[in-house]
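Here you'll find one protein chain in two forms, each presented separately as structure tokens under the names structure 1 and structure 2.
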Structure 1
């Protein structure tokens, strides 16, 4: 009896020690995580603060947002670049998200496990690592000359869509894979067929992951200059594309798709390389606006996610 009691006590002590050791590891990992997070945030914050401080005189000047580029740094503005970036990103999002999500669903849910799927699989992962200038050259040959789409907003939107397809496909697949098997089994059990299961249960559950992938992809696309220059984006342009909405029927207008354009990163790049220090101030201010546009895009995605969740519950 006594021996048994000792054994129980001993094992209890051992158990407590184990718990304490695990807790120490937990705390250590958590602190490392927080440290890494803080370093990353501090880096981003310092870049942003530096840009804001440098670009402040331009950021507070409303002309900066409504003027076209100019040789005079104090009069130069980013209206054409802002509109260009917004329209190009619109095309990119509309083209890439449905395509990538469809591809992700197919690869995860429908594709038979054979060598062909494996090849597609490997290719998608590899494409995510291809330098963006390669996409630019592809688009120059295929879209600009091959399809005759010209140096337009449509071409730029398409090339950036291609660029971020792999990112969103991979994110979609990860998101779908993380859905518990039980959910599917439950749907099948109620008599749902494959498509009903995917569209009613799997996709809604995977939405946060897909949206996150979309944000990451679009945030990459918005900062790209190289492929957009390759397909012939302009640097100086003092008019805007025709507006996509009009007051007369049919109220929408797609002429803007074929308009010449410029985008924010090109404008930024051009100003950074100028000799005059005043242009560097403009470049910093452009950097801030670009970051704000990216944040706004993320904010929009988070808002959409929030709205979708509310709908799901009700």
Structure 2
């Protein structure tokens, strides 16, 4: 009896030591994570502050946002780069989001679980880490020379759509995978078929994760310069593409898809490569605007996710 009691006490002591050791490990790993986060945030903040201080004279000048690029740095602006970025991102979103979400739904809900699905999973995950310049070379050979689309907004939107397709597919699959199996079984129990279950129950529950992954993917695409440089984007453009919407019937204009373009990362690269210090001020101001746009998109993703999850809990 005493031996049994001794073993129970010893076992309890070992359990307490194990719990204490695991607690120390958790605290150590959490501390390391917080330290890494603080260092990364401090580096980002220092870069942003340096850019703001350098580009402040241009940031507070309204002409900087309404003027075209110029050989005179004090008269140069980013209107063509901002409009080009907006139109390219419009094409990217229209092409990538439906395809990626549909692919994620198929792979997670409909695709049979066999060796072919495993190969597709591996390839999708690997494509998410492929350098962006590879997509630019692919677009140069396929869209520019193969299909004859030229160095246009449509080509740029397509190459950036290819770039973020794997990111959105992975985010869609992870969001769908996080939905409990009980929700599907409850829908089947009510008489719903496969598509009704996916469209009416699974997708609404996975929508916060899908939207977050989509906006994060678009935020990555907005700052990419290598693919659009590869397909021949202009570094100096002093005109705007035709507007997508017009006042005369049919009110929608698609001529802008075949227009030459530039985007903000290329405009920034062009000014940084100039020897004059005044152009470097313009480049710093452009970098601030680009970072603000990227942070705004990431902030929008966080806000949308919070609101949708709050709505689901209520």
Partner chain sequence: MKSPIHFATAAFAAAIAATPLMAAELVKVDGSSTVFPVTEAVAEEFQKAEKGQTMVTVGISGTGGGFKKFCRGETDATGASRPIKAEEVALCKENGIEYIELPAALDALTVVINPKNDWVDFLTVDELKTMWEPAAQDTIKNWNQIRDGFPDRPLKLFGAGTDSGTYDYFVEAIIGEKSSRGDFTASEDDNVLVQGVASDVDAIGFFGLAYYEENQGKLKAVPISWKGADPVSPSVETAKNATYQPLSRPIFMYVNKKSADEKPHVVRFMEFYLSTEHAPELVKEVGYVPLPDKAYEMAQAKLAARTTGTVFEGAEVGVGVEELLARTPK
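Numbering follows the first chain given and starts at 1. So that the term is clear: the rigid core is the largest set of C-alpha atoms that superpose within 1.5 Å between two forms. In this text the structure is predicted, and so the values were computed from the model without any measurement.
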Number assigned to the form predicted alone in this pair: 2
Cα displacement of residue 36 between structures 1 and 2, core-superposed (Å): 4.5
Core-referenced Cα shift (Å), residue 21, between structures 1 and 2: 8.5
